[in-house]
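So this first bit is one chain, no partners, the form predicted alone, shown in structure tokens.
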Amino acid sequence: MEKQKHGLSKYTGAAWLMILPFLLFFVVTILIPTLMSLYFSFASIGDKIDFIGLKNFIAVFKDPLFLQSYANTFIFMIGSIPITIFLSLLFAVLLNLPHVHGQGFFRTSYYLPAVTSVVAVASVFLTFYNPTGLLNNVVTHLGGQPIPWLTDPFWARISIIIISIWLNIGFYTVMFLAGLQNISSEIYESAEIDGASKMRQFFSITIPSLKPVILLGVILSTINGLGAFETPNILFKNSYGPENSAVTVGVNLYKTSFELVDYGKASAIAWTMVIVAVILSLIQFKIGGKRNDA
């Protein structure tokens, strides 16, 4: 018995030794900065750090730009997430068809945007959105008027939504495709024998089976949307876009921290993002996590 305990403690010590590098990495790069950020959100940071309670949060919520940034962020999310999830699911279903030729090529092509630098993608789209760029050339050739992609508030938001959809479709297509390949073909064969049409199979088998994956996709895209920064920052450089239409919470956080050098207020903005992300995720789990009783 004593020998068994000694062997168990030996293996336990080896296990702790193996996970020690990760624990150190987690503590240094995640835990400590997170706790410091939480403290900074309740502090005034200058020559010295003074605890000021909720003053940073009060200042943040009184700032019209902060409210505008959240309004824009939700507009971008509402405009991009449903389309991204729908198109990703559609492409995944098409790529999962047994008789589609060149599946490897198409899967790689769809996934390429997910591994492409956002800076590079936004820079390319910036040339497309130019008044004399590719998109306006197509519009004028079709008899329309040039679209003010980057100078009109409505079209500025549309331009960001388009890039967001293009960047994310590939990632969620591959994720949904992995989920589809885990659904047993025998279920579809049984449904076909029972006379179920392809459309009925899709809504009665595919969608319910993919429900956890779709929920995960929506949550991930929501968290990703809350932190949107690179695209609007590159498209509009040092401005917030026409009539502040392109300022997101991420852009506001960056400028507050590194341009205004107000780390206390920036930390408060960051923690509002955490709180909103948690609330939205809980709501999505509550709505999408219900089991089908049928």
Partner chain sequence: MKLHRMFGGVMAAVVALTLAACGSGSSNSSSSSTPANPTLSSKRVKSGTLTAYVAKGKNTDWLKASLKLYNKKYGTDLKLNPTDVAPAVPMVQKITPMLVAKQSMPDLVFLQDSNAGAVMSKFSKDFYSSQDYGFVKKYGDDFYTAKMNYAKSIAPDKKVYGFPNDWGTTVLFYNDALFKKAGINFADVKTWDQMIDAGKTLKEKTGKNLMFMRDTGDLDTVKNIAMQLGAPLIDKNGAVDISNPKVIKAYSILKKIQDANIVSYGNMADYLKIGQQTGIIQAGGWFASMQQESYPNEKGDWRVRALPLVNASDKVIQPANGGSSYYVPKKSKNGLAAMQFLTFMLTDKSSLDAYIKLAGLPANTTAYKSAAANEGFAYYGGQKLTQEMNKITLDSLTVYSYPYVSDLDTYLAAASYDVKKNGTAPKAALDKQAQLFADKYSIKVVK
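If you superpose the two forms and keep the largest set of C-alpha atoms that fall within 1.5 Å, you have the rigid core. Here the structure is a predicted model, which is why all the values come from computation and not from measurement. Positions refer to the first chain, counted from 1.
The form predicted together with its partner chain is left out here; the points below concern that form.
- Stretch-level contact analysis of 143-151, 95-103, 174-182, 209-217 against its partner chain in the model of the complex, using heavy atoms and a 4.5 Å limit, identifies 143-151.
- Relative to its partner chain in the model of the complex, residues Pro64, Leu235 and Glu243 are all within 4.5 Å by at least one heavy atom.
- The closest heavy atom approach of Trp16 to its partner chain in the model of the complex falls within 4.5 Å.
- For Gly53, no non-hydrogen atom is located within 4.5 Å of its partner chain in the model of the complex, even though that partner is not displayed.
- Among heavy atoms of Asn130, some come within 4.5 Å of its partner chain in the model of the complex.
- Heavy atoms of Leu260 reach within 4.5 Å of its partner chain in the model of the complex, making it an interface residue.
- Within 4.5 angstroms of its partner chain in the model of the complex, the stretch 17-37 places a non-hydrogen atom from each of Leu17, Leu20, Leu23, Leu24, Val27, Val28, Ile32, Met36, taken in sequence order.
- Put the two forms on the same core and the Cα of Leu24 is off by 2 Å or more between the shown form and the other one.
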